[in-house]
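Here you get one chain, nothing else, as structure tokens; it is the form predicted on its own.
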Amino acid sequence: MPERIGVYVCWCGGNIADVVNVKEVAKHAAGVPEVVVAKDIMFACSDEGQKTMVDDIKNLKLDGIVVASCSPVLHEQTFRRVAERAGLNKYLYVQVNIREQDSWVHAHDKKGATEKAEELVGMGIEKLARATPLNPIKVELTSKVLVVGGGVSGLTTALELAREGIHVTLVDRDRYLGGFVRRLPDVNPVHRPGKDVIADLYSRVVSTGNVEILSGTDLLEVSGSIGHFRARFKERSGHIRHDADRELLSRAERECPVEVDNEENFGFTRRKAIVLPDDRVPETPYIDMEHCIKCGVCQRLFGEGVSFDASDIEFEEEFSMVVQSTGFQPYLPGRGEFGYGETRRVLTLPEFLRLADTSGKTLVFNGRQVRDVAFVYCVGSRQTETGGPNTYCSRYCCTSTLNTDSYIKKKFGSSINSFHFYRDIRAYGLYETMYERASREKGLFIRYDPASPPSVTAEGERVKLVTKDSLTAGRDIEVSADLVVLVTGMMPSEDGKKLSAALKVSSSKDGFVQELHPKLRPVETTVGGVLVGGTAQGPKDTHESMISGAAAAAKASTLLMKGYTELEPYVVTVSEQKCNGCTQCVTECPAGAISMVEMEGRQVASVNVAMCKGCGACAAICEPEALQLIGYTYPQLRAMVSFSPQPLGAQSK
């Protein structure tokens, strides 16, 4: 336990010193018996401030330091490195937050703020005086990563990891990869069909030889911790050999008597029960067993290549890390929302894109040529006025719609008239050029007030929209269109929510996966070894999703190439002699890190240190005090709570 402690009180410019009398705080701390030196420093985190601490540790033979400054979130690692450079165990350091927890909230009471700082510093000294040297928990890692989701982000993650020689298992419940991007007829800014973008990415992934692709496979369960994740899969039956004769496949498709709506195209086209890839990847045909009537056509043509009695296959694998790239789901308007569900001439943007892509040289809907298209923006986003759940901006919607407008005019000619009913055009960065292009191509922009959005009513084979244009002194504007396209926002996918719940990954208030820090740790989650990429984290466009996926791969590879990771030692330990087997800790643990094991004929608690987050919830409710949180032990906490600044050092050590 430290007996020669140094205390350093930071001015933080004026952030602290304008409210707290830092010199008095340092002088007060100097009166504690264990404190050998106490100084006030203008900027503790500066090179000069760090050098002062390093020199004191070496010259005065300090065995512990307390830094009273800003939040540990900002500079805990900085001061730990200071301790290490001076040859001191980096966990024999305590940071006391007298900025966010004191000066910033008590600017009206300088005397009270100074007294509070003195007490906080004294409590930090009491805690450190009972600390012991600690070492990080070392966890060995194997080069195996599970990537959940085969969209553009997941494929990018798999590619970048595989290039580093890391083995990747990529799982997607869909039979074909590519997610939402696969269906896009024109991907900005490359202006290529989405299926071509995905096919190119898939080809590069396969060529690495390090990626196992499990398409058409359900992820049933995933559990464990970094270095030891275990996943259980179910591969759905119905596959046909990928090397099956293409002529026979086409014949089987023609002869198949079953015909259903093609969900790939939102029912604008039909398909058979035998499904061919049609430029999708992987190039594996399959039988839709849900609609197959087992007429025998496939068996007659392919023999043993098809078995109607084949069952789903379940299997398990282990991984060191998991990347959640589960994507998003488009907002689905409620019946009657802007006329959706009440007239077939109101579509969502994803539906309209598939209609445009599957049309010939003329845009046709229900046998009639489409000339006038009205886009209604912010459907399912920024729902502050309507009381809807999605108050966030989905970011991609404006630019996607502007790009769609340009695409349909390029494909179908200038005969298409477009009307844009918008709240705000958020074409950020270089996307501003798309807004300018849409304006030049005679797109008519009508700005509506979200408090009185456009009304949409069917009038025969047309649809009428009425709103007040806020750019023309609130005049009533009436537009008649062949189609109304609702520009729907992004929502967290159901698969993503289930995976987050299984892994106990925290979500933001909007339901997307929450990163640890948007700038410093943008792809890490609250669970060690679980990373996030793409739109599972929040609304992004295609380019941003690929960058996010590459960032997740970079973070994973830095750990896996090293072969191990180090975890914080602040975990819970169990005294088996004190444990009474009540199981309350198991219920209380939010990380699922505690289980009951048999020891000498009775049940006692056992902690998985790789899963433990050091929250202390279990220790707080353990009546026999069988569980203790390292770094925040009962003696430390009791000394801190009972600490009194008058007189300092009077407590028993």
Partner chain sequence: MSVNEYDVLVIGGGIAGMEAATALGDMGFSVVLVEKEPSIGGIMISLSKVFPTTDCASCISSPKVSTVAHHQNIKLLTYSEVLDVRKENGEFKARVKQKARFVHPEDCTGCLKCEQACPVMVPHEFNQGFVGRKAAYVPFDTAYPRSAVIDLNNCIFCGACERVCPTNAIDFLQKDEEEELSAKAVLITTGGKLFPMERKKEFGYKKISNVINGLQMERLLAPTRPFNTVLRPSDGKVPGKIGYVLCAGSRDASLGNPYCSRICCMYSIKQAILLMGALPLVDVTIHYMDIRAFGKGYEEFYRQAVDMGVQFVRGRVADLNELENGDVLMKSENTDTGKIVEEKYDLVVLAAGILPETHNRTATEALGYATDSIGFIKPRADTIGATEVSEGVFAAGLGTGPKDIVDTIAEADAAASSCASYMKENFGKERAEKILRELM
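A quick note: this is a predicted structure, and the numbers were derived from the prediction, not measured. Residue numbers count along the first chain shown, from 1.
This next part talks about the form predicted in complex with the partner chain, which is not shown.
| field | Listed range touching the partner chain, judged in the model of the complex by heavy atoms within 4.5 Å, from 483-491, 328-336, 168-176, 380-388 | value | Careful reading of the contacts points to 380-388.
| Between the options E351, E264, E544, E253, which residue brings a heavy atom to within 4.5 Å of the partner chain in the model of the complex? | Partner contact (heavy atom, 4.5 Å) among the options: E544.
| said: Looking at D218, D357, D495, E164 here, can you tell me which has any non-hydrogen atom within 4.5 angstroms of the partner chain in the model of the complex? | reply: Checked against the cut-off, the match is E164.
| query | Would D288, F315 and S606 all count as contacting the partner chain in the model of the complex, using a 4.5 Å heavy atom cut-off? | reply | Not a single listed residue reaches the partner chain in the model of the complex, so no.
| message | Against the partner chain in the model of the complex, would K361 count as a contact residue? Criterion: heavy atoms within 4.5 Å. | response | No, no contact at 4.5 Å.
| the partner chain contact in the model of the complex: D47, any heavy atom under 4.5 Å | Flag for D47 set to yes.
| task | Examine E461 and determine whether its closest non-hydrogen atom to the partner chain in the model of the complex is within 4.5 angstroms. | result | Contact with the partner chain, no.
| Contact label in the model of the complex: D278 to the partner chain, heavy atom within 4.5 Å | No, D278 sits far enough from the partner chain in the model of the complex that none of its heavy atoms falls within 4.5 Å.
| field | Stretch 9-37 - residues with a heavy atom within 4.5 Å of the partner chain in the model of the complex | value | Going through 9-37 in order - heavy atoms within 4.5 Å of the partner chain in the model of the complex - the hits are C12, G13, G14, N15, D18.
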